[in-house]
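The chain below stands alone and is given in structure tokens; this is the form predicted alone.
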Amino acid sequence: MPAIKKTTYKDHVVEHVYQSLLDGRCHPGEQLKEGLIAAELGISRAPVREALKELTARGIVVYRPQVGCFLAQPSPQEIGDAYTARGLIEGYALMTTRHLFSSADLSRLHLLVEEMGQAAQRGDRKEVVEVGDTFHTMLVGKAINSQLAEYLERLRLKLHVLFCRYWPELYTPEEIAERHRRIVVSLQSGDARLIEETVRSHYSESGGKIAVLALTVRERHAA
């Protein structure tokens, strides 16, 4: 049985499903069966059931009455809405805490940008997402509004799964780094309006591109 890294078995199941999506071991539309997950992880069904409920709330899983739980296949509209929401919340959070970032913080953000670009050069989808998670978590980490933190966390995994799946078709490795570098530069400027607009644009651009790709994939499968 894999080592339990999280506080609870429920958290471990959530992480297990999330990592399976990032690794390509499972795919949108596939059914998730409580018994199989419980057996695979060596735990009871109760925490698996709790985890599936949480993943449903986060938009990773869809529950179909009398049928079961399936990995979500969000529509283009849902994708665009999720990215727009994340951009609005993160942009506001960073704008209001811009004065709390030290020179050491900014240097760390620049380093993460370089690491992201290097991972993209290697074509490592998962590492790009993981380094990006560290980057964006650092951007919003100084916000003290608990509601903002809750909404951001609800969107985090959903957007990571989508970006991991599509980013090689969206951006070159150089663009991956440059898009994130623009956020750090806006933060260094201290200009509240520029910071918010840069973050919102960052997310709306990706959301729009992923929505188009998702629609293309749907139409291809329907043909």
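The first residue of the shown sequence is 1; numbering continues from there. Heads up, when I say rigid core I mean the largest set of C-alphas that superpose within 1.5 Å between the two forms. Remember, predicted model here, so these are calculated numbers, not experimental data.
Beyond the structure shown, there is the form predicted together with the DNA, which is absent from this document and is the topic of what follows.
Proximity to the DNA in the predicted bound form holds for none of 98, 179 and 190, with the criterion being a heavy atom within 4.5 Å.
The closest non-hydrogen atom of residue 197 lies beyond 4.5 Å of the DNA in the predicted bound form.
Taking the partner from the other structure, the DNA in the predicted bound form has a heavy atom within 4.5 Å of a heavy atom of residue 32. When the DNA is considered in the predicted bound form, residue 43 lines it closely, a heavy atom lying within 4.5 Å. Proximity of residue 18 to the DNA in the predicted bound form falls outside the 4.5 Å heavy atom cutoff. Segments offered: 153-161, 167-175, 59-67, 180-188. Contacting the DNA in the predicted bound form at heavy atom distances within 4.5 Å is 59-67. Applying a 4.5 Å heavy atom cutoff to the DNA in the predicted bound form picks out 10 as the lone residue from 10-29. Taking the rigid core as fixed, one finds a CA shift for residue 47 of 2 Å or more between this form and the one not shown. The Cα position of residue 12 differs by 2 Å or more between this form and the one not shown after fitting on the rigid core.
A displacement of 2 angstroms or greater separates the C-alpha positions of residue 37 between this form and the one not shown, with the rigid core held in common.
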